[in-house]
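As structure tokens, one chain now follows by itself in the form predicted alone.
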Amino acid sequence: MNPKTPSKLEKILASGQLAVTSECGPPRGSNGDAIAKKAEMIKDYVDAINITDNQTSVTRLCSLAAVIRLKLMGLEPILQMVTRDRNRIALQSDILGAASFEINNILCLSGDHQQFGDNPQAQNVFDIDSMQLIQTVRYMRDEGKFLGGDDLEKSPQMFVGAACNPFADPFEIRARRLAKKVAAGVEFIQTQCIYNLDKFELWMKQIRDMGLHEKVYILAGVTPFKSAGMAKYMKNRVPGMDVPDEVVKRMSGVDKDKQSEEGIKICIESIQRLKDIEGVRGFHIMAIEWEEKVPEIVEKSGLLPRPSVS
């Protein structure tokens, strides 16, 4: 078994500096240059880049191939991996595939149900769930073994992450849900998009009361609104999303051609407030298909320059 080598993202978080991550959605085809183009827009403004894994259950270029492309560009990728589409054999195999390219960050997810995507008739797998995937990566890394018990020739040096939604019902169990992921071995968390900052602050208080902020790095998730219509859709149609009425009202209260600008302002203001919350260790900026706005958000939020680590 090999001693663990920290990823760049882990080093930044361990140094006590605020980390910044973002994400890119792969194309609906085999043009890998599309991922490279998105990554070029944001690479100097973030510490690591997530590649989503067939998000919303829509078939796309695979996350594994896309993160390899980013690695070959000299960037710091985060492999997103969902348990919806693979059994434990395929999951372990893909983890090793990523590790063979020295891709050392992974985000363990369950994945959206296939009925919401472009192949609703597809069979899901869910051989293991996201909690068990966290345990699997840690077992392969720390014990140097496959789930079946055989020894690994070289263990994957993964910094293990997961997602967390502070706003899903019932709210009362959300902190305990994170505690279970921490017990499973998660090391960093990227949260759901935060619009209800009061409720997020309450959740963070519960996290601190349980001492979890000292056991896991929490990256607060933010997503800029492009329009009032987007704000209304996320409030009314996206499960687990908490968009306060006053935010929708603010977006609706400006001229249509100014709404995207207002959405950026709200996002920047949110980051400024979130910076002051004890236990927030960085930010995950989700601007899918709007990557060109990430540099502006990072710069105006006072998150530059990004730290360099050796």
Partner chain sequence: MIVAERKPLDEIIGFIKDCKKILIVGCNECVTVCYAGGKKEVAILASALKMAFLKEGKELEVKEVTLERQCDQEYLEEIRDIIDQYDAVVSMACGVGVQFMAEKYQSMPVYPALNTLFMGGAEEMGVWSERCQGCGQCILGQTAGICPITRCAKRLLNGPCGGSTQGHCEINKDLPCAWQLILDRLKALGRLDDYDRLISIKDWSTERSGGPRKIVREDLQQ
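Numbering follows the first chain given and starts at 1. The model shown is predicted, which means the values in this text are computed figures rather than measured ones.
Beyond the structure shown, there is the form predicted in complex with its partner chain, which is absent from this document and is the topic of what follows.
Contact annotation for residue 154: none of its heavy atoms lies within 4.5 Å of its partner chain in the predicted bound form. A residue is said to contact a partner when one of its heavy atoms sits within 4.5 Å of a partner heavy atom; residue 138 fails this definition for its partner chain in the predicted bound form, lying far away. Contact check for residue 201: no non-hydrogen atom falls within 4.5 Å of its partner chain in the predicted bound form. Though the partner is left out of this view, residue 101 does not reach within 4.5 Å of its partner chain in the predicted bound form, counting heavy atoms only. This chain is displayed without its partner chain, yet in the predicted bound form the stretch 111-119 from 111-119, 193-201, 220-228, 71-79 comes within 4.5 Å of it by heavy atoms. Looking at its partner chain in the predicted bound form, residues 127, 169 and 173 each place a heavy atom within 4.5 Å of it. Along 229-246, residues 239, 240 each place a heavy atom within 4.5 Å of its partner chain in the predicted bound form.
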